[in-house]
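Just one chain is shown here, as structure tokens, and it is the form predicted on its own.
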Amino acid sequence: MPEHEAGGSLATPAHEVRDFLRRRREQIAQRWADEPLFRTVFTASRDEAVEAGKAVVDALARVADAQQVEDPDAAGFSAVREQLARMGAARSRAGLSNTQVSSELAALWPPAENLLVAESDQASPEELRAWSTTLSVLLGTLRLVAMQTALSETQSLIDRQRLQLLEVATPVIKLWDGIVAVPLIGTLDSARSQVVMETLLNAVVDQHARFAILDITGVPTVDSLVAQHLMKTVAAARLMGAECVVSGIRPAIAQTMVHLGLDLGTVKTRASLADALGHCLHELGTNIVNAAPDGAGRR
């Protein structure tokens, strides 16, 4: 390997590795194409695996050129982050753990090192050691980038699935023409409260609802934060032209709310969902008549 830059100054180990990667780009990519990480992901053709390998080698060369071999945030890695994410996701779908994927990334080091050693027979042991160490650190940083990208993709997937679960767990039911209800079950935190509000407001618009019932029978506890979320939802529904009724306030929850000094004076409340529905029907001018013993009667 050359010992000097074009201007005559002594080349750094990072720049020597950069030059090596550029010279041996094709050979490195060819050898990587036979490694499990590339061979099992790019199954359409070997040429595809080789091209993917070249893209990674080019990224490593750019990072070495900037002498940022230890920096996983180096700009040179930007071009291959998406590719690394796809490769990691493909191996994960095949049943591999993050540790196993990391091991496959580590397997890219020996083929590159062998080429480096083979062409550095004129270098001193100290020079070869410095170049080899730099290449090792660079590929170690590549592994870190790949793992960070995989974890980020996994977290994004978890966030999307969590949002989908929140939406499924917050159904809006049409009880009557102009009346919709949201039965809430479980803990009501900030994220879920936002989903409740958006889901309810969309239903108010879609169903042209005049009344919206929030049934909290299935909410285990109500504290000041939960009450604040309910008040915001009620206020938002009013702005959309719908009257909001809160139902399902059990005796224990009522005592807790009084103890906390929570003021729901501006919010219409009913003991049960049936009572809330009866109130809304009455406000709509709908007459409800109990059925006669023989089954006759108006409703």
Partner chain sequence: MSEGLSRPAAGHVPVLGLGDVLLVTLQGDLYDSTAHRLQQDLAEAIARSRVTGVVIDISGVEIVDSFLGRVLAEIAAQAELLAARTVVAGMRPAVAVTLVELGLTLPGLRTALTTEAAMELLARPVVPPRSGGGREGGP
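Because the structure is predicted, anything quoted here is derived from the model rather than measured. Positions refer to the first chain, counted from 1. Basically, rigid core = biggest C-alpha set you can superpose within 1.5 Å across the two forms.
Below, we turn to the form predicted in complex with the partner chain, even though it does not appear here.
Answer for residue 210 alone: is it within 4.5 Å of the partner chain in the predicted complex, judged on heavy atom distances?
Looking in the predicted complex, residue contacts with the partner chain include residue 210, since a heavy atom lies within 4.5 Å.
Can you tell me if residue 39 lies within 4.5 angstroms of the partner chain in the predicted complex, counting non-hydrogen atoms only?
Judged by the heavy-atom cut-off of 4.5 Å, residue 39 is well away from the partner chain in the predicted complex.
Heavy atoms within 4.5 Å of the partner chain in the predicted complex: does residue 239 have any?
Yes, residue 239 is a contact residue.
Taking the partner chain as it sits in the predicted complex, is residue 62 near enough to touch it, meaning that at least one heavy atom pair lies within 4.5 angstroms?
Contact with the partner chain, no.
With the partner absent here, would 194, 235 and 268 each sit within 4.5 Å of the partner chain in the predicted complex, counting heavy atoms only?
Yes: 194, 235 and 268 each sit within 4.5 Å of the partner chain in the predicted complex.
Out of 246-254, 227-235, 26-34, 50-58, where are the residues with a heavy atom within 4.5 Å of the partner chain in the predicted complex?
Single hit among the candidates: 227-235.
Let me know the one among 130, 150, 172, 201 whose heavy atoms come within 4.5 Å of the partner chain in the predicted complex, would you?
It is 201.
Of the options 205, 90, 185, 163, which one has a non-hydrogen atom that comes within 4.5 Å of the partner chain in the predicted complex?
The option sitting close enough to the partner is 205.
After superposition on the rigid core, does the Cα atom of residue 86 shift by at least 2 Å between this form and the one not shown?
It does not reach a 2 Å shift.
Superposing on the rigid core, is the Cα displacement of residue 111 between this form and the one not shown 2 Å or more?
Shift of 2 Å or more: no.
Once the two forms are fit on the core, has residue 131 moved its CA by at least 2 Å between this form and the one not shown?
Moves: no, less than 2 Å.
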